[in-house]
Structure formats: structure tokens, C-alpha cells
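What follows is a single chain, given as C-alpha cells, in the form predicted alone.
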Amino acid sequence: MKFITIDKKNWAKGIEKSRETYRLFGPVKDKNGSFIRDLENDMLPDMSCHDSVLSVKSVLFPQTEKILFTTLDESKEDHHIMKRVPADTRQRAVVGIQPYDAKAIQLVNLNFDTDDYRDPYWCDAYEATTFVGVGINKPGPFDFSTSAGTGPFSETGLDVLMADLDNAYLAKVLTDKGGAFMVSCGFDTIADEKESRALFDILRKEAEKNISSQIDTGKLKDKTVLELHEAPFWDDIAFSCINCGTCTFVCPTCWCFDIQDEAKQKSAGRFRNWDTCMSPLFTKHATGHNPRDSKTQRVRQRFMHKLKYFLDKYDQGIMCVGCGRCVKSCPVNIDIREVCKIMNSYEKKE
């Protein structure tokens, strides 16, 4: 591990230099908020953004992704045989992301890269990506990341963690991939390790001190699935929900998708699209049967997955990094922090 000082006067030049090696992504502001975008030439990441509408997940797992293609021309020998769309193997770097979003990538990776199955689209993109985060000096009111297993200066999943020091950035290089990115930018001013560690520690403590929102998950592991599944509070929680799916759309750890085939003239493709457990259509079978045909069942599924099923299956904490996006975006003010409190404190009456 090493520390590098980057004068902000040299920042733009270094980022432009890195384009010789990397395809760049990062937060960009527009009238609807900040989004993680493909950074075109002369476009820099907004390093002051600490509340992007969507997370870095969309770089590895796009909202819509063509995964297979074929020809319908029967004069061709390989007609109607689906083949994988050629993968983009170029190195890519996502610059300026929130640290808790990097932790979210690690949680999603538990689902897409397993001993039984390796999703090639996710895994190939993950292996090609370098994650450069910037610490959040002043966390917002929806941030409860410290009690969700991460934080405003968390290093989990990052290759480089940067601290904003007004006139300069101090970069903590955490992996070889991170070191390679720094080299590609030409950033090579080594900082004193002892002083840099102390500074990062001060910034982290100050940032964490400013987080006023907390959740308690300590009792969730000991509760049985049926105990929570059959609890009487789900109708009350779901009462105001309109099943819009906004919570799943903005969530950095949701991974549900649907598959659609499309044909046009002599060609056809198979697409993977984000989907949501909050949609009535999501679990509807071809027979017409729907095991979660009521709003309450769908709301229960979402929170049970985030706060219980994932916890039990992977034993790596809850399926949430405390970014607060779902709380901020919900049009009817359903709050995962309150739901977690209800679930964690629930005691079944004998």
C-alpha cells in the first residue's frame, strides 16, 4: 500500500492521459441529478458528487444488455443458433464513486460468481474494471452506511481510495490494479505513509461522527425465516406502497433481471433487462399462477431478501450498504431503516 498526492491542477491532465489505457466512467451531473456515465473525451468525473442517482453497478450490469445474437436467414449455416455478443475486453476505470457502492459490488458478486455458476457478462466486466472511490467528508441525512457494514471512507472493493483535501487529492493505493491506474495517469508524487494514514484516520472518524442515522441488525440472524415471514406487521408496512419499483431501480445491490428475445428482419437478439420483485408480473408463471400476487407479499419479499434471506445464505451481513437511495427516492416514504427496526425487535407472541 502506498499514498500519492495529486495536485488538483494536474487532475484533468492525468485523467485524460489514462484514456490511452482505460475506458472511463464516473458521476456526471445533469438536470435530473448525478449519474454514472461513460466519460466521453474532455468529460471529467464530478468528484464532488456523493449522491449519484444510480450506483456503479450499472457499469457492470447495464439496465439493458444484449447478451446473445443470431441470424434468421436460413441460407446461413449457423441460422437460429444463439452466440454470445463479443465481450468488450478493454480495461475500464470508474472514478469518483462512493465507497459504499464498491462494497455493494462485492455483495452482488456473491450472486453472479459462485462455485456452481459464473455469470460471464458480470464477471468479465468486473475483472476488467478498476474502482476508484472518493471519501465522503460530509455524509448526507439518508446515509446509514456505518451500521450497514461499510462507511464514508470504507476501502472494501476499492482499488484506490481518495481523500479530497481542497487543493489536492490524497490517494491510498489499495491494489495492484489501483497502482496501474495511477501510473496510467502519471500520478507519482509519493506522500509520507505515516502522515497519510493518520490523515485518513482523522477524516474517517470525522465523517462517521456526522452520520446520525443508524440501524440495528444484531437480532436478525437469530430469528427464524418463518417467524419473520408470518409476522403480523407486513400489511401495515405495505399499506402505502404503490409498487412503482423505484426502490429496486436505485438500489446498488438489487440483481433481478428478465430475459427478452427480439427479432428484426433477418436478425434476432436476446437481451437482459433489469427487473423488480415489486412488479406483479415478475413472479407470474406461464400457467397464470402468481405466488406473490398481492402487494403485501411483494413488499415482504423485498425486505426479507435484503434483511434476512441474504444474511442467512451468505453470512456476510445484510444485503444493504446504507446508501439511503431507496429512502430518499420512495414516493410514499417507506423507510428500510424503520422496517429493519421492526424486524430486528420483533418477538413472536406465544
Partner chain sequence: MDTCIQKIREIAFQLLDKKEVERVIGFSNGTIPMATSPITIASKQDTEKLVFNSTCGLNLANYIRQQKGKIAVIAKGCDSRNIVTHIIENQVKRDQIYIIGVPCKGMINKSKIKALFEDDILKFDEDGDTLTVESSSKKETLSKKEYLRDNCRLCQHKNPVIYDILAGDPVKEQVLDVPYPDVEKIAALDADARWIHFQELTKNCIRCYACRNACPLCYCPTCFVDESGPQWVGKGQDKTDVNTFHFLRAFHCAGRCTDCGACVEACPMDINVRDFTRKLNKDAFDMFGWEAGLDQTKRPPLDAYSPDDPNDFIK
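Positions refer to the first chain, counted from 1. The structure displayed is predicted, hence computed values, not measured ones.
Below: the form predicted together with the partner chain, not depicted.
request  = From the candidate stretches 171 to 179, 152 to 160, 273 to 281, 112 to 120, select the single one in contact with the partner chain in the model of the complex, where contact means a heavy atom within 4.5 Å.
outcome  = Of the options given, it is 273 to 281.
query = Should the three residues E208, A231 and I342 be counted as contacting the partner chain in the model of the complex, with contact defined as a heavy atom within 4.5 Å for each?
reply = Verified in the model of the complex; spot residues all out of contact, no.
inquiry  = Taking any heavy atom pair closer than or equal to 4.5 Å as contact, tell me whether N41 reaches the partner chain in the model of the complex.
reply    = It does not: once the partner chain is placed as it appears in the model of the complex, N41 has no heavy atom within 4.5 Å of it.
request  = Determine whether any heavy atom of G186 comes within 4.5 Å of a heavy atom of the partner chain in the model of the complex, and answer yes or no.
outcome  = Taking the distances in the model of the complex, the answer for G186 is no, it never comes within 4.5 Å of the partner chain.
inquiry  = Please determine whether T287 contacts the partner chain in the model of the complex, using a 4.5 Å cut-off between heavy atoms.
reply    = Outside the cut-off, so no.
query = Does the 4.5 Å heavy atom contact test between I242 and the partner chain in the model of the complex come out positive?
reply = Looking in the model of the complex, residue contacts with the partner chain include I242, since a heavy atom lies within 4.5 Å.
key: Residue (of D192, D78, E262, D201) lying close to the partner chain in the model of the complex, criterion heavy atoms within 4.5 Å   = None of the other options qualify; the answer is E262.
request  = Scan 42 to 80 and note down the residues that get a heavy atom within 4.5 Å of the partner chain in the model of the complex; none is a fine answer too.
outcome  = Residues within 4.5 Å: V53, L54, Q63, T64.
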